[in-house]
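One chain comes next, on its own, written as C-alpha cells: the form predicted alone.
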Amino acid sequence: MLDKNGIAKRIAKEIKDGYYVNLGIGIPTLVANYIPEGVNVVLQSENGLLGMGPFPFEGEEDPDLINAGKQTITTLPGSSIFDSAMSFGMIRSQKIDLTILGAMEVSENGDIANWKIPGKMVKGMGGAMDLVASARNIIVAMQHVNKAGESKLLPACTLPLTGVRCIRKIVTELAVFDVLQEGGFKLIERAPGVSVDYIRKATSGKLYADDDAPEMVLD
C-alpha cells in the first residue's frame, strides 16, 4: 500500500507542464514536493498565493507564509500574494486547470463529501464548494477505507455533499480509479503489492476491474 507521500507522488504524475494547480488541505499539499523535473506549474493556495513552492526545511520556516491549511510554505521567484476575493475570482472564473482535494467519501457517480461529519465541530466549508463547482479537472487524494476498515468509495455518499457528479479521478493508498460518466469506479492502476481481489473487497461502490490491471510505477 502507499503512504500519504506515495499518494502525493502518484498524483504529481498527472500534472502537466503549464498547469495552474490548486492544492487542498491534507495529502494534496504534499504534491508540491513531487512535481516532476522539467514540468513547470504554478501552484495556487486559496488563501491568496500564486507560485507556492515545496515545504520549507526545519529552521527555514517563515510564519507569515502559510497555505490554506495553515502550514508554513515557501514561495518561488515571481510568486504573488493577494486577498481572498482575488483568489476566489480566479477559481470561480475557471482559471485553475487542476484541483487536488482530499475527501471523506466519494460516490460511484462522482459525488464528493469532504467538509463535515455530523455531530463534530466544523469551522465551515471553506473553499471546497467553489473549487468543485468551478475546477476544470479534479483529482481526489484519499484513504480508501476509514478507521473501522469500511470503504470510502461508495454507491452513494452518507455524509453531507460538497459537490455532485464532479469527480473524475481518485488516488488512494490502494489504487488509481477513474469515475465513469455512467457511474462506477474503473480501476486504472494498483499500488505495488496490492492485488485486484483486495481492491474489490475494499470497494463498496460499483467497481470495474480487470484481473491484469497494471501495477503503478512511482519512480
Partner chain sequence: MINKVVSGADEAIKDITDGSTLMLGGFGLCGIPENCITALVKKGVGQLTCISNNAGVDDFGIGLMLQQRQVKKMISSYVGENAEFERQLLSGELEVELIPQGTLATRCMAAGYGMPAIYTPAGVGTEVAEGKEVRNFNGKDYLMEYAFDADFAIVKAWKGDTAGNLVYRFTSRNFNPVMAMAGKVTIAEVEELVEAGELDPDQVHTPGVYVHRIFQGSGYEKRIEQRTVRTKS
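Residue numbers count along the first chain shown, from 1. Just so it is clear, the model here is predicted, and its values are computed rather than measured. For clarity, a rigid core is taken as the largest C-alpha set superposing within 1.5 Å between two forms.
The form predicted together with the partner chain exists for this protein as well; it is not shown, and the discussion that follows is about that form.
The shortest heavy atom separation between residue 77 and the partner chain in the model of the complex is within 4.5 Å. Taking the partner from elsewhere, residue 126 is found to have a heavy atom lying within 4.5 Å of the partner chain in the model of the complex. Residue contact check for residue 69: one or more of its heavy atoms lie within 4.5 Å of the partner chain in the model of the complex. The closest non-hydrogen atom of residue 172 lies beyond 4.5 Å of the partner chain in the model of the complex. For a residue to qualify, one of its non-hydrogen atoms must sit within 4.5 Å of the partner chain in the model of the complex; all three of 60, 82 and 130 qualify.
Taking 160, 192, 36, 183 one by one, only a single residue has any non-hydrogen atom within 4.5 Å of the partner chain in the model of the complex, and it is 160. Considering the partner chain in the model of the complex, the lone stretch of 28 to 36, 60 to 68, 174 to 182, 150 to 158 in range is 60 to 68 [heavy atom distance within 4.5 Å]. Heavy atoms closer than or equal to 4.5 Å to the partner chain in the model of the complex belong, across 8 to 34, to the residues 18, 19, 20, ordered by sequence position. In a rigid-core overlay of the protein, residue 51 has its C-alpha displaced by under 2 Å between this form and the one not shown. Once both forms are overlaid on the rigid core, the distance between the two CA positions of residue 73 between this form and the one not shown is 2 angstroms or more. Positional change of residue 38 between this form and the one not shown stays under 2 Å at the C-alpha, relative to the superposed core.
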